[in-house]
Structure formats: structure tokens, C-alpha cells
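Single chain ahead, by itself, as C-alpha cells, in the form predicted alone.
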């Protein structure tokens, strides 16, 4: 069992997970004293004197939580003082240090670990598989249940931002019996899914020019930002290229090899028909040019996206067999 005054280290740069890690440490401290006072400091601005004043025993008693954010920015003297305190913490003071991870300030993070801190991993979630797991874990945490296909549908409709995904999970569980399937996701997020960049990309990758242009024009009409649409086009080309290069096989087997969700591999397998290695290479150049244009190279970003859709469909046609 962790000693009541043991420090907490929340390491990583995923904002939602950092916030939850700090909140969990505060909640743990308040299980024994609901009125525990919380003080927060930015490491870059904190002095050794500030730390000593914050962690010194209070004349009036009472439990306190001292949160030092962005520990990687702590000056050398403060980092040394934090490690000295962590080696012999006060019983009624809980020190919580957040740290972005990486090389900067690594000695502080390592020292806090060695001092017996409770460590919470808050690293950025970058892989599709990890985001799928996050969604499914979030539903379980809320008392619901979600299959892999429904998690994939939610990612396609809502995007990759963890805060938005967590809010979506909460909404779906609150407004349903807790058993979430693809139909549930479609019912609540149909409008967003229909005008997402992925809808444009899916149509373009199968050569559906009218469908891709209609989706693109509607997306721009309702205010979807051009950047995620360009990113979705690039992701579509990249995914089809990766799946095509592996040859035939089970979507579930290839998913493990490629680090993609099985539903995404299966969809890409269907989209590979009509593409050749040369036409995919051409599509990669189209996607790269589109990204450069949309992210600063051209004034009319909508036209750049439309031009890319025409070029992708044409590239696919040149690779038809």
C-alpha cells in the first residue's frame, strides 16, 4: 500500500490523461480528508522558497496537495529540492509533479520514480489501436460496453481528440442502455460523419468522383476546416498503399502487422481494387501537394481540395486493371 504522503508523478503530454492523473491524486488525498487544500504551481516560475513554504507543516494542521506542473521546466535548484523532499515527504502533504516526458528534466522524473512515487502514465496516444482501446476502456469506465466496430465508427465520426472522444462516450452511455453498437454511433453522430474528411477520402479512393465532390462541397459549406479533410485524403492514400503492399491476407492478421484496426484494413482492402503501385505513387504526390496547398501554400483551399479529388480519381483510373 502506498504511504499517505508519498509523491505522485504524472508523466506524459496528453492533456486529458494529465488532468485525470492529477484529479485522481487529489481524490485519493481527499478520501481521508475531504477538505484537503490544493495549491498549484508552474515549475518554471516556482522557487525553492515557494516549495518549502508549500510543503511545510501547517500550524493549523489539515491535509494539503501541492501540484507542481511541467516539472521538466524546473530549474536545477528546484529539481534538487523536489527530489530531496520526495525522499522524506511530510505525512499530511501530498506532492504531485507533472512531467511531459522526454529528455528534458529526465533526471527529475527518474529521481521521483526512484523515491517511490506513484506513477501515472499520461503519454500521448498516437496509434489507432491505442485510440480504439481508449474508447472501449472509456465505455467500460462509464459502465457501458462497445465493440471494436463501434469504436472505429466513433473515431471516424468524432476524430482523434481524447477530450471529444471522452465526451462522446459519456453522451452515448447517458442516452442509451450502455450497449453501444455502430447503429448507436450513426444515430447520434450521423451529421458529423457524413461531412467528415474521411467520407471525402473514402469516395475518392474507390473512384466515386460525384460522391467525393458532393461530400467535399457539403463539408466546406457547413464549415468543416479544410486541414482535416486534406489529412484524411493523405491518410486514405497512405492506408491503401500500406495494405496493398502486404498482399492478400486476413484483415485481423494484417491489422496486427500494420498497427491498424481490423475494420480499417478491411475497408482499405476493398479500396485497393483499381490501384497499381505506379498510380498509388502518383496519389501520394497528389496528397502531398494538397497538404502543402491547404496548409499555407494557396489562398483558395477549397479549390486545392477539389483539384486533389479530381487528381486522385484520375490516378486510380490510370491504374485500373
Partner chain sequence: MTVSAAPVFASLVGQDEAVATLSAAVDGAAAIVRGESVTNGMTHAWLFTGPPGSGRSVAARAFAAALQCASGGCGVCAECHTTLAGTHSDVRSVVPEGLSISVDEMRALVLRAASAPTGGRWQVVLIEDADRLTEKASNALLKAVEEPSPRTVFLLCTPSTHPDDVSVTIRSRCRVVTLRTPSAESIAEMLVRRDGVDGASAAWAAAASQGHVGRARRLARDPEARSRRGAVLAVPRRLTGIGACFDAASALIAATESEATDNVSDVDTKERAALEIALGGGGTGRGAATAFRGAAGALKELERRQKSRTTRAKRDALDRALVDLAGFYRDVLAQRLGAGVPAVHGDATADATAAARRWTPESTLRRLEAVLACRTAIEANVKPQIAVEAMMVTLWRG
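Definition used throughout: the rigid core is the maximal C-alpha set that superposes within 1.5 Å between two forms. Every value quoted in this text rests on a predicted model; they were computed, and no experiment measured them. Residue numbers count along the first chain shown, from 1.
This protein has a second form, the form predicted in complex with the partner chain, left out of what is shown; the following refers to that one.
Partner contacts here mean any heavy atom within 4.5 Å of the partner chain in the predicted bound form, and among 63-71, 271-279, 23-31, 41-49 they occur only in 271-279. Residue in contact with the partner chain in the predicted bound form (any heavy atom within 4.5 Å), chosen from 92, 231, 138, 202: 231. The listed set 129, 106, 238, 124 contains one residue whose heavy atoms approach the partner chain in the predicted bound form to within 4.5 Å, identified as 238.
In the predicted bound form, the partner chain sits beyond 4.5 Å of every heavy atom of residue 37. In the predicted bound form, the partner chain sits within 4.5 Å of a heavy atom of residue 245. The two forms, fitted on the rigid core, differ between the shown form and the other one by 2 Å or more at the CA of residue 264. The rigid-core alignment places the CA of residue 28 less than 2 Å apart between the shown form and the other one. After superposition on the rigid core, the Cα atom of residue 71 is displaced by less than 2 Å between the shown form and the other one.
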